[in-house]
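Consider the single chain below, provided in structure tokens and representing the form predicted on its own.
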């Protein structure tokens, strides 16, 4: 964990960089983490801030991977289309997450905004050139790629070994880990994705997802005060169910 002085230093650096970096409030979670003021100026010079509405396609699978993105507000869903037209949801991104990393010249998945979303966009060619002279930036990007691999491994476990209830509970816990509050008390999380998106991600039908959430609500483990909002009222019970300890 970074000290208060380190955090203050990063904030001060951002304040001295022109738009879009000067108004960024997720620097501690983003690609910019741990960069010096001079490094941030170089990164800002090759970036641009974009805003998209709900349901907008940000990248298409197999399109040329000319840009990379950092989510700064809102949320994004990632998916792949199977040859028969079926869709496999592969992940959900939130502020601080990186988008568009490709092993070759084309994107390996599609990305669509779940709500009004803001992103910082980088030219892939310019970013690759910058990585050659900024080792801290390259290390940060490698850490973000490593995190994607961990999430992919978790997804494999979800799809292959867990029951429907365990999948849904594990999914809710994963959202908790990304929420600002990490307390063991009641925690409110954003749920911008629909039941069908969750089902496609977990390998479940929409009906199974809805039924499981309803059962968790009846058990007093969660409450749903409003559309897109979910409150976990019994974190320990949710954790036990996710681990198959019921």
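In this text the structure is predicted, and so the values were computed from the model without any measurement. Numbering follows the first chain given and starts at 1.
Same protein, other form: the form predicted together with another copy of the chain, not shown, and the subject of what follows.
Heavy atom within 4.5 Å of another copy of the chain in the predicted bound form: which of 58, 43, 193, 204 fits that? Just give me the one. Here the answer is residue option 204.
Which one, 105, 129, 116, 148, lies within 4.5 Å of another copy of the chain in the predicted bound form by heavy atoms? In short, 148.
So, residue 109 and another copy of the chain: in the predicted bound form, are they within 4.5 Å at any heavy atom pair? Yes, residue 109 is a contact residue.
Proximity of residue 165 to another copy of the chain in the predicted bound form, heavy atoms at 4.5 Å: Contact with another copy of the chain, no.
Taking any heavy atom pair closer than or equal to 4.5 Å as contact, tell me whether residue 123 reaches another copy of the chain in the predicted bound form. No, residue 123 sits far enough from another copy of the chain in the predicted bound form that none of its heavy atoms falls within 4.5 Å.
Decide whether residue 101 counts as a contact residue for another copy of the chain in the predicted bound form under a heavy atom distance cut-off of 4.5 Å. Yes, residue 101 is a contact residue.
All of 53, 226 and 231 within 4.5 Å of another copy of the chain in the predicted bound form, heavy atom check: None of them does, since no heavy atom lies within 4.5 Å of the partner.
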